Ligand code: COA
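First, one chain by itself: the form predicted alone, in structure tokens.
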């Protein structure tokens, strides 16, 4: 084992849903001035899962291109991060393992800590690679952000999955060793077992997020991390895209740096392109921001990117990733844009119908309507078992 081997993200792919609800349709329903959505929270539309889509179908769709490109022989671990868990015992990643026909000599686990879980998964993966650089770890973040109809959080819903192949000598980004950490017991957002929709204290969540930005960067600096000026760009968790702007201004203020509009836009403007049309994808959010940055930015080779991952409740981490030489040849820009463009717009009534659908809990045979045109679907709930199929 060598501490000087380069470890990081070798490939990255994402998937979303069959449907999309434009915020114009939501505003027309509830009488909200559209500027409150487009400008106030920075959202244009939100992904809505079909009746036969969930965190597993999105996860498998995100990960399938990585397995197709690189094979599965070296994947000895799958870490599935989510806060939209479908089972209290069985890891959602086991269904993905089956759908993608991964080797049986593989560990599969599910991680949970609100929107932070995928960063924990990435850090765990890096540790495994350092121990055995010959193996690869498949990290998947997949979530459906769902709030009650006509609630304040409704406009910040969304759904997506990001899959990352983590390994030694990565083709995309090297993850640096130093991390800044922060945890505080805060009731800003939570979902008890007896509820389908989360509970959220919006103002408390913004305050907790900003406190975590400051705390994580303070620790990062104390661990000998890079200075603010060394970063070419910053990717933040985006529960709504305007939160990234609030967060970066707060960090600049904390560091005594200039907070003029141009400086903030230069640092984070390119990171919001996917989140603004997909909505909040919880664990996947910060990595959608990273994908958007890499797909749009001029050459970032050797230029560090700061990543801030926040999960309500709360846990946060600040760390650095540096694009490696030749990374642009390995981007999935065309496929990423196709993922967004393939979604079918819903009217408000269609969205509301999908939002209110739930499986009965009686253990009967409940087939789902075939709606998705994606590669995997949730075919039924039968005898309390979720039945998935590749299309």
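Positions refer to the first chain, counted from 1. Bear in mind that the values here come from a model prediction, so they are computed numbers and not experimental data.
Missing here is the form predicted together with the named molecule; even so, the following discussion is about that form.
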{"query": "Among 337-345, 40-48, 323-331, 58-66, the region lying within 4.5 Å of the named molecule in the predicted bound form by heavy atom distance", "finding": "40-48"}
{"query": "One residue of 174, 76, 112, 242 in contact with the named molecule, assessed in the predicted bound form (non-hydrogen atom, 4.5 angstroms)", "finding": "242"}
{"query": "Heavy atom within 4.5 Å of the named molecule in the predicted bound form - residue from 124, 190, 147, 182", "finding": "147"}
{"query": "35, 206 and 246 all contacting the named molecule in the predicted bound form, non-hydrogen atom within 4.5 Å", "finding": "yes"}
{"query": "Any non-hydrogen atom of residue 287 within 4.5 angstroms of the named molecule in the predicted bound form", "finding": "no"}
{"query": "Residue 119: touches the named molecule in the predicted bound form, heavy atom cutoff 4.5 angstroms", "finding": "no"}
{"query": "The named molecule contact at residue 312 in the predicted bound form, heavy atom, 4.5 Å", "finding": "yes"}
{"query": "Non-hydrogen atom contact residue 215 with the named molecule in the predicted bound form at 4.5 angstroms", "finding": "no"}
{"query": "Heavy atom contacts to the named molecule in the predicted bound form at 4.5 Å, residues of 153-176 in sequence order", "finding": "153, 156"}
